[in-house]
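Just the one chain here, laid out as structure tokens, in the form predicted on its own.
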């Protein structure tokens, strides 16, 4: 099990789960209009859980994931992830928290186009470990593509490379935003299976998606509608 460290002071009234959202509200001003994608969101995820948050496009799923990863500060409320109160961290603390505790997987892959597969995966490391990279590529079935650049890869190979980059530093939590949105059913099942394997090894996985295929892998399904969790 990965050792956890404190990056930000944790409030006494927060429950210690792997992920804890407490009364999160997010507001954006667009001209004279106030938009609230998240309204008093409260839920928790325990260590080793695989949880998916479902809902239609525009429901606030991605906003919620950005807050969990410390990439967006909420208007109000508190979030604790991997024993770190991310809503109470300095920019430097958040940067360290993300590099050590979080693995991000996105629908659009976000691979560096001028780096090959091997070097894209190395981008996720906090310390250089060539052997770990080679093992990860072999595990995900992309070792034969180690010298290939993203433009030369299929969508499935690009997503497996992105997943390898997210997993290489053994984060406490993987946050995935529509990780199968650009994949065919076969590649989608492979990516979800890899996330499930990571959970079984002790990691915690939070996936936001509007697809139904993820339900077969998740321990729990939460539904986000009009800024609120409406089912658990």
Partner chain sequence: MKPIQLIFKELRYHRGNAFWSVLAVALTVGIFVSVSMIQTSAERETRRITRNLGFNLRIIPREADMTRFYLAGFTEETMPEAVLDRLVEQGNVSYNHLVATLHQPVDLNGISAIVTGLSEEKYPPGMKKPDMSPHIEPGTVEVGHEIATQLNLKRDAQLTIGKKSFTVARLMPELGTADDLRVVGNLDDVQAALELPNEINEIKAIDCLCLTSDQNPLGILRTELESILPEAKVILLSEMAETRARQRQLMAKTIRFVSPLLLVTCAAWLIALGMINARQRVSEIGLLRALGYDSGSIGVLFVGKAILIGLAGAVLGYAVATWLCITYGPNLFELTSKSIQIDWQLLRQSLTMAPLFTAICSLIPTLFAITRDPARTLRQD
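No experiment lies behind these values; they were computed from the predicted model shown. Positions refer to the first chain, counted from 1.
There is another form of the same protein, the form predicted together with the partner chain; it is not shown, and what comes next is about it.
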| query | finding |
| --- | --- |
| The single option of 89, 155, 132, 71 touching the partner chain in the model of the complex, heavy atom within 4.5 Å | 71 |
| In the model of the complex, residue 115 touching the partner chain (heavy atom, 4.5 Å) | yes |
| 4.5 angstroms heavy atom contact with the partner chain in the model of the complex for residue 27 | no |
| Residue 110 within 4.5 Å of the partner chain in the model of the complex, heavy atoms | yes |
| Contact flag, residue 99 vs the partner chain in the model of the complex, heavy atom cut 4.5 Å | yes |
| Answer range among 56-64, 198-206, 41-49, 185-193 for contact with the partner chain, defined in the model of the complex as heavy atoms within 4.5 Å | 56-64 |
